[in-house]
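Next up is one chain by itself, shown in structure tokens, the form predicted on its own.
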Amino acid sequence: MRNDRNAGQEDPVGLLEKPIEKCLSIPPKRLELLKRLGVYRAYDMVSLFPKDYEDWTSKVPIAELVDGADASFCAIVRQKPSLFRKGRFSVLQTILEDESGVVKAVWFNQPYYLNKLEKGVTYLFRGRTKRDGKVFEVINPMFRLEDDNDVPGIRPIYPMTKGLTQNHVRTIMESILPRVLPELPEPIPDSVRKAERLCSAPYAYEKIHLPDSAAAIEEARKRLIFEELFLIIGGLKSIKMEKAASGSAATIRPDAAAKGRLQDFIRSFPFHLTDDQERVIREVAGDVALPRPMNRLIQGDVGSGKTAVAAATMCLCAACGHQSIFMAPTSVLAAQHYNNLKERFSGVGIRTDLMLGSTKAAEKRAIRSRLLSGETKILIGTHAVLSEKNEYHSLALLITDEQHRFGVRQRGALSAEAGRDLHTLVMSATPIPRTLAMILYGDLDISIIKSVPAGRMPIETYRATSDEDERIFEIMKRQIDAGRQVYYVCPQIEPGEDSEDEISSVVEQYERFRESVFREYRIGLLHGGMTSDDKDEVMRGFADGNVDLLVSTTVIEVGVDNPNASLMVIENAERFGLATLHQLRGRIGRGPHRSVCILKSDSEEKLALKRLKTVCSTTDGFVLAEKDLELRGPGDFFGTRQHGLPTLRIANLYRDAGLLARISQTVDELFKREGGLTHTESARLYDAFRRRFGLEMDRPPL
């Protein structure tokens, strides 16, 4: 039942969750374009925050225009504009002047302004300044007559997709905002809001979209940045605390015989565990000995030995009579894990099975029978292991590899079938800065493996340009002729995906290599547009040594473990984040051979060169991850697909790292205080968290 405050009004939850087309009349094509921006509901619309503003109210003298910055200024047109044409291309230019100086104004492909600019007349201009040596000009400036009564003031600039315009989005926003503002709940407790001096939710949402001053924008931004980080930290910590308080999992406490089997299993590895590995095994053993479900992330750089820790945990579980599931992101990787571990487990009397989507029905039935009887203690596979048809004798542990591909809520997908909460162990080779880990894995405890097992060959990384192609191709041929295999990575699938013609496509390179440069070699093509079966077939061929050169996109990031691959060439390396480049080169250097990664880039942009130099200078993934966050920001951290990372719409994890730590402390204090959050505060927090991030947390794996 509604309370009196909402009597006669739209149901607030219903309005916020209502599809945007049910609130406003929007043409179908425009509606589809809005969905590309993540706008499905009224709430999504008002949460589409501006990325910048056109501020026509703050004017500066020409002499104070800054290179690369947008600004508004009043100036007189000093000379009659001139127009140059070359085919369809045109350039219109003139000189603008005020009391402080002059600036050249240039408009590209906008010839219709020729008759709208009059010599000797003063206009209000707004545009981006460019200084290049002695050249000082403003590019494509918008303008109004100085005394025009229709000067816009401060206008928001929204994230955009092709086919939409700023005016489309502004019109929709101005229509929906007044209806939503009165119904926005307040998820931040009053005590926190007062301590942080934050404005109310309605005021913040109004002023971020319809500002009347720069000060109002800053006040709104402060509130909304805090709100976004508070929601995700508070929401994930509340999930974590709820699991700890209400969850009931198997207590796994080995007796002397079980400890002996575990030690025999660990001794079967062809290497000694590092101190980090031994520490993490102790942490995990301490977790599973408790009745509350373990939720732990093992974060380790490429080759740090996370799988050995996971295998030891499964052995501990089996030795105590319980079952485990090990879930990998690809069938090829799952099969490799199975082949590497089954004999080792068999040596200590533990039955292991492999279940993939391609496993034949008869074999699946046999595996299910062994799971139900308890004969099979360890099941390795892909998403096929999540089948509702699978029944277990005593399932206690779920391990996922590269967890960011599975989504937060899917961690508990098997608990109902098990009849209790499962201990969950997550492995990720993606080096994640602590600020990101707080968000991506906010409901997990974190163990970090920093050291690398002895004997691991370091990967040498070098930068090259396309002028060195001949030399690079010779190096590739020498490696293949020596019996090694090579990866060749491109940033996009088809030509023309990017507006810049020089961006390399995997299809083009594959055809070029197959028809000319490497036509005498066995070449494989791999990209995300292929079917799962086709991808698996190519990766399996590469793993089995039947492909000499694999031309691929970043789909290989978690694809296959091939110790015979010793060389990787990455085209247009400036297009990738540092973390992605590090993940990619981690595909080589897994065997006894010298391994080299070549980063090809013709970019002369200073930031790009700095980033590539950083990759060449260190093999420490955590150092690169922090640098990546600093140089590119969280939006690009995982490349174009942010494997499960909730999209932050206004906060910036590098810029706001200090605030994030403070919010985390504030949330801890809220939960620890006597009585914790009130029922109302807790409900508002969780509802707001679900509304903002729930769809992303629940989305299916990539």
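As the structure is a prediction and not an experimental result, all values here were calculated from the model. Numbers follow the displayed sequence, beginning with 1.
Separately, the form predicted together with a small molecule exists; it is not shown, and the next lines address it.
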- [ ] Scan E468, E183, D561, E391 and let me know which has any heavy atom within 4.5 Å of the small molecule in the model of the complex.
- [x] D561
Task: Selected contact from E137, E571, E228, D301, since only one has a non-hydrogen atom within 4.5 angstroms of the small molecule in the model of the complex - done: D301
Task: Partner contact for K600 in the model of the complex: the small molecule, 4.5 angstroms, heavy atom - done: no
Open item on the list: Just checking whether K306 would be counted as a contact of the small molecule in the model of the complex - the rule being heavy atoms within 4.5 angstroms.
Closed with: yes
Task: in the model of the complex, Q277 touching the small molecule (heavy atom, 4.5 Å) - done: yes
- [ ] State yes or no: in the model of the complex, is some non-hydrogen atom of Y112 no more than 4.5 angstroms from a non-hydrogen atom of the small molecule?
- [x] no
Task: Contact stretch among 505 to 513, 114 to 122, 265 to 273, 532 to 540 - heavy atom within 4.5 Å of the small molecule in the model of the complex - done: 265 to 273
